[in-house]
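For reference, the chain that follows is the form predicted alone, supplied as structure tokens.
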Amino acid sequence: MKAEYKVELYTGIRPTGDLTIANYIGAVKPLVELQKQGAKSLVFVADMHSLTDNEPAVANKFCREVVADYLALGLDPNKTNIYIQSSIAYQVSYMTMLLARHTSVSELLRVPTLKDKLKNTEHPETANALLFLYPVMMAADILLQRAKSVPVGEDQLAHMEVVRRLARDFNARYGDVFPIPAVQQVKSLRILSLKGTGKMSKSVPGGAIFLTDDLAKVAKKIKSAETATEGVMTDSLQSHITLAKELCGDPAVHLNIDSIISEHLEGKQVMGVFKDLLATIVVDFLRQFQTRRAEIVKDPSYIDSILKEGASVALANAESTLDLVRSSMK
């Protein structure tokens, strides 16, 4: 009997703080666009994953906040089920344990994202073990839900190879249990810090635009953002152009942006005009988002009902998969 998929599209969100405009462009917008194409999705808030580098209180604080953000950004609960990862903590932990038997420490040390994190922050001898198991827990999440496709950015491709390898190895030993999830790489758009160095990040709030920022504060941040001298195209300016076009889909506005940039490359002093336009686009987007979000959080039972329904779907899928796993291993 061929292993069957249960979920068409599956992805997770780490609840580690307020979202930035870059988080929207890189993670939420692609999911909303896939949803518009008719994909039935299952999304989970990865509070267990966030324990690799955060205290439980941080994850608990932001779980519901990030759900409200995603709903306000366009995630449709009629097309997408949402659940908190820890609502099926037993199933995730049990599957992680089973899959860990098929993973070596040396393989985990070769995962590029882990190597980068260790190089930048700590050494293997002092890193917490949960950090090493991150790809294995990711595999547990995906395989429990029997996901057909997983949209990921470039930084998660190595993790997905671990997931797919674990599924194949488990099937080779115990039978056709797991359907192999496909990797759906989403467009990688790198939005840089307004300060001009590195990507936009929560860790450098002065260079980031948060979805919850005061609108006057946002306009001020953009006015002081690094751009480029006349006639020069820089990474910072290109990032700002991408930001403007991703937030505003109006072709007329895009043509206006292109016209301003053409004048800039001809040596004209138009960066003030460009910043004014960028500020208008960002503030308009945030004003609409914040209005929708305020409506969503008025009734706490609304998010409760969405998470309850999502947990019911996730639990049914996970228990069904574990039944297959247990019977195959006898």
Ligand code: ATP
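Don't overthink the numbering: it's just position in the shown sequence, from 1. These numbers come from a predicted model, not from an experiment.
Keep in mind that the form predicted together with the ligand is missing from the display, and what follows is about it.
Asker: Spot the stretch among 224-232, 79-87, 192-200, 130-138 with residues whose non-hydrogen atoms come within 4.5 Å of the ligand in the model of the complex.
Answerer: One stretch meets the cut-off, namely 192-200.
Asker: Which residue among A22, I306, L9, A318 has a heavy atom within 4.5 angstroms of the ligand in the model of the complex?
Answerer: Residue within 4.5 Å of the partner: A22.
Asker: Could you work out which of A59, L278, L42, A27 is the residue within 4.5 angstroms of the ligand in the model of the complex, going by heavy atoms?
Answerer: Exactly one listed residue reaches within 4.5 Å, namely A27.
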